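Take a look at this single chain in structure tokens; it is the form predicted alone.
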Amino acid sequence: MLDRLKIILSPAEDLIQNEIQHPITGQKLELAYFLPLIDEQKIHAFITVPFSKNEYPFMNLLKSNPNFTKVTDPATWTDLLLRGQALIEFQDQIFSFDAMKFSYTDLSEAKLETSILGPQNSLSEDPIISLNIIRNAYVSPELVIDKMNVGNLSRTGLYIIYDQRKVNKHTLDLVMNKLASVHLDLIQSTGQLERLLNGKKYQLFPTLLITERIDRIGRALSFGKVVLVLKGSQYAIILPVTFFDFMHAVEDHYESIWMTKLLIFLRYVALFITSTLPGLYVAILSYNPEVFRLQLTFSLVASRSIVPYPSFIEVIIMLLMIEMLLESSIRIPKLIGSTSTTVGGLILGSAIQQAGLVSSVMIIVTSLVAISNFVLPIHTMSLAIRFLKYPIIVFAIFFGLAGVFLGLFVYIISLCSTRSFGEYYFRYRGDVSTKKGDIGGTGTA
């Protein structure tokens, strides 16, 4: 049986194949099961111990115990293993034993990628539980799980997961070579591993997607992507990815097509607002007021009549205040964090406007920028966009409105020249939800 399973199933680190020989009788028992799906205590209590003690003829136990089922069709072996069954070969007969392990009670809710209609559970810091969830979410005999250790001192376990039939072999080779070239003493988190795999030190945009959601991982595997699960972290890495993958939320696959398109459009609008609005404010007020109607221009200038310094200083003051509020909301204890930062922001914003240090329009601009940044569904991309607005402000200070578009042009060139493990980063995969055989969703992970 063991030799046939090696041919039927893809090679995987989590596929356990054991041969047990009784020390007295010399009888042999062969076992096969997927480790993440199996409760090993059940294997020990119902199979290993009764066979070793030999207090009762083991064949009689297999035939009389309803927990064991005789399997006559080899074509069902794969499905039984993927459904949490252990296969037993004894005296040239095959039996299955239901030892399924349910790990869903040990999971926490997703925190970074919340969803209303989708699954609420996230991955676990225990890799075996995470592999159990992934195996149950993506039930395919083509799923391969390789294991390696990263970190010269930590020797942290890393699991490389992919669909052998759908994965790009060139991409897989690049991933394996990159992981082999990682030399660091301690690797303790997914974010640390992401920085090591990102390649370029001064990369503007994230080229790997960090996620905690099971459904996003399952969908990524179905599109031939590679998933990395690190021991001790409840986040996984998906690669390769495109820029447009970061603009899609998991909720897009559960809503109607029209609502999904509207939400995606709003995200791109929010992306434009949060990256360019401060620069546009500086450029229009200082250099190009003629782009607005005369009444609106007078209104904007009147709101700044009591502000004693140029518009770019006003913008920098407000943006730095927002950045400090965001950072403090992360560092402050959770029980008081949201309340203190909200109250602090309201009081500080109201006081600074009444003191004449910033204009009322600047308060509106700052609020729009902060809100728009939180519309982006992936945390790593929202962090990158938080930085991108500052170079545009610098361009706007020196070149006005032309500088804003010059900054956008530089970013587009950067996107077009970026690669994610051999794949074009700024390539739109399109919407495959209308193809036959695919139900709902878009063509991104």
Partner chain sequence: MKRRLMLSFVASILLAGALLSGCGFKDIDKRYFVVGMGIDKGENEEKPYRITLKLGVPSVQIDAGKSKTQVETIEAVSIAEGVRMLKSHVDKEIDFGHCKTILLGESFAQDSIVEAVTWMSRRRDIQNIAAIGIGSPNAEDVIRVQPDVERFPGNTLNLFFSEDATESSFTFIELLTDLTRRIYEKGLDPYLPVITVQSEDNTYVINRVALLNKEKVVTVLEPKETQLLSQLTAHTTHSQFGSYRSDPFVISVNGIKIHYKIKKSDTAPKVEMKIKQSVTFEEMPINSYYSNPEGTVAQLEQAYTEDVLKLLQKIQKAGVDPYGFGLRYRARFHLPNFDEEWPDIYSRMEFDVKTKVEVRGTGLLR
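Residue numbers count along the first chain shown, from 1. Just so it is clear, the structure is predicted and the values come from calculations on it, not from any experiment.
The same protein also exists as the form predicted together with its partner chain; that form is not shown, yet it is the one meant from here on.
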Only one of Pro289, Gly151, Gly118, Pro141 comes within 4.5 Å of its partner chain in the predicted bound form by heavy atoms, so just point that one out.
Pro289
So which of Ile397, Leu62, Leu376, Ile385 reaches within 4.5 angstroms of its partner chain in the predicted bound form, heavy atom to heavy atom?
Ile397
Among 232 to 240, 188 to 196, 167 to 175, 293 to 301, the stretch whose residues bring a heavy atom within 4.5 Å of its partner chain in the predicted bound form is 293 to 301
Although its partner chain is absent from this view, report whether Ile134 comes within 4.5 Å of it in the predicted bound form, heavy atoms only.
no
Contact flag, Ser305 vs its partner chain in the predicted bound form, heavy atom cut 4.5 Å
yes
How about Ile94 - does it come within 4.5 Å of its partner chain in the predicted bound form, if we only consider non-hydrogen atoms?
no
Would you check, heavy atoms only and a 4.5 Å threshold, whether Leu285 touches its partner chain in the predicted bound form?
yes
